[in-house]
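One chain is shown next in structure tokens, namely the form predicted on its own.
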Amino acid sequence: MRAMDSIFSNYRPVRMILLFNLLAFTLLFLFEERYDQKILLSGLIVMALIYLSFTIIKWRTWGDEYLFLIVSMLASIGIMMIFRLEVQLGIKQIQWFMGGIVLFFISYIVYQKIRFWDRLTIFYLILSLTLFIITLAFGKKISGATNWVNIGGITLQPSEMIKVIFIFFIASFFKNRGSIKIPNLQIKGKKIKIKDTTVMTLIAYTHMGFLVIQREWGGALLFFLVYFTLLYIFESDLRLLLINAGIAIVGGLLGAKYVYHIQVRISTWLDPWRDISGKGYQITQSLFAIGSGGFFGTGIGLGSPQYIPEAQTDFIFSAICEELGIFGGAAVVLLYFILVYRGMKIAMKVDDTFHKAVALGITIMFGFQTFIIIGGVIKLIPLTGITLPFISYGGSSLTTSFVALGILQAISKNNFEEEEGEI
């Protein structure tokens, strides 16, 4: 009897997620009396994927099972809302979700099997720079940013993959910094010693520079926050930290003064009501949607998220708040808080510098990315065009996020001590 109680107790969280999906897809099926059979079938597919994946993780004892549960709930909310907006987009998102789960398990296995990730510093640098150059050479412009590449009819966003590669580069640098030999610079017969941290800083800002050229300001900000946070954790040189902080402040001020795109974002952040039908239209519609939802929301299918620009991508959090209410939006934020907490806990248990840095990098990437986009749609900070992890529509973002999650899951396998009943 105790064994049966333990089994049911262990599966209680996933049963709650399945119940949410059952209720959500049933409401979508009944919405406006469309009775679209594809909605019910899609709901069953999502539920089966979540249950089978969780069962595999639980059966094989593949580390921290809560990581997948949290992400499953986030992805379920995203799929539900995308279906609410457009059924065909919802079906595509489920396809990406299936692909993401496959990549989650592949990245878990590959990361576990390969033992020399920390010795590929130069490879990470070359790979990321190559992807940047390919994007600039063959990329197409969407919403003002040149960050999409079309390969065989499939549109990909290389910067999503570069985020993970960038984290691996920084982690391998900190693991091998004592053994990295940098030749001295000779000017007029004088030898000038170049610090390894100086080289890493230049490489980091090169990544951000490529993103600025592509006009992907949100991505550049995310890269800086990840880099600066890891630098703060692993570097004891206060002078270097202050220099980087100064560069960020100066760069931000110059951008606000001379870059028109940034000026528009700041002006609409300060006073979106001045041009409510023009430049301030996106953020004002977002605020209207959040306000109309109130505390408990209008209910699934009873709101008007179609009036929110880019509701399936940049402003999906606004659509969630409209139909699930402020409490629903707060629940989403809390899920991200728990995800970051679990990631930090995993990183703290790791002794190896490389794995610790990778776990921290992935965790803070999820955390900062969430803060940047949610902060933008609620007018806490200027709006930037990045996606909400695991929720926003888009294959590149969703699949890359699952790859990162698989890596974090693999790190937790060797360092996670299961504590029954702990969340």
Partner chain sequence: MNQNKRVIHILVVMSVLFLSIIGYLSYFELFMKEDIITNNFNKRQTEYARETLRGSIYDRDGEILAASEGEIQNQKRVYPFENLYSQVIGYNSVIYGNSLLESVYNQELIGKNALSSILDIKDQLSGDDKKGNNLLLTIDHDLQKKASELLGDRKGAVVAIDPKTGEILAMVSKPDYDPNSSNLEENWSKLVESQDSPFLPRAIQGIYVPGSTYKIVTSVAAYENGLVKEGYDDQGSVVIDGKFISNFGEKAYGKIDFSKALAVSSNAVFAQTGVDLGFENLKEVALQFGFNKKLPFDLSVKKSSFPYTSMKKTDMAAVGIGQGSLQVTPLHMAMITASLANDGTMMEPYLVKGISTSKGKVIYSKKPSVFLTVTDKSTADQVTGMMIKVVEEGTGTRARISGINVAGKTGTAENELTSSQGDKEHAWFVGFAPAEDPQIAIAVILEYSGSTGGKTAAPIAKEIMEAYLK
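Note that the structure is a prediction, hence the values are computed from the model and not measured. Numbering follows the first chain given and starts at 1.
Here the subject shifts to the form predicted together with the partner chain, a form of this protein not shown in this document.
- Here the chain stands by itself, but in the model of the complex one stretch of 155-163, 195-203, 259-267, 285-293, 285-293, has heavy atoms within 4.5 Å of the partner chain.
- Mapping the unseen interface onto this chain, Leu44 falls outside it, with no heavy atom inside 4.5 Å of the partner chain in the model of the complex.
- In the model of the complex, the partner chain stays beyond 4.5 Å of every heavy atom belonging to Thr121.
- In the model of the complex, the partner chain lies within 4.5 Å of some heavy atom of Phe317.
- The shortest heavy atom separation between Thr370 and the partner chain in the model of the complex is within 4.5 Å.
- Of the residues Leu383, Ile386, Ile364, Leu398, just one reaches the partner chain in the model of the complex with a heavy atom at 4.5 Å or closer; this is Ile364.
- Residue in contact with the partner chain in the model of the complex (any heavy atom within 4.5 Å), chosen from Ala220, Ile308, Ile170, Ile82: Ile308.
- The partner is not shown here, and in the model of the complex the stretch 85-100 never reaches within 4.5 angstroms of the partner chain through any heavy atom.
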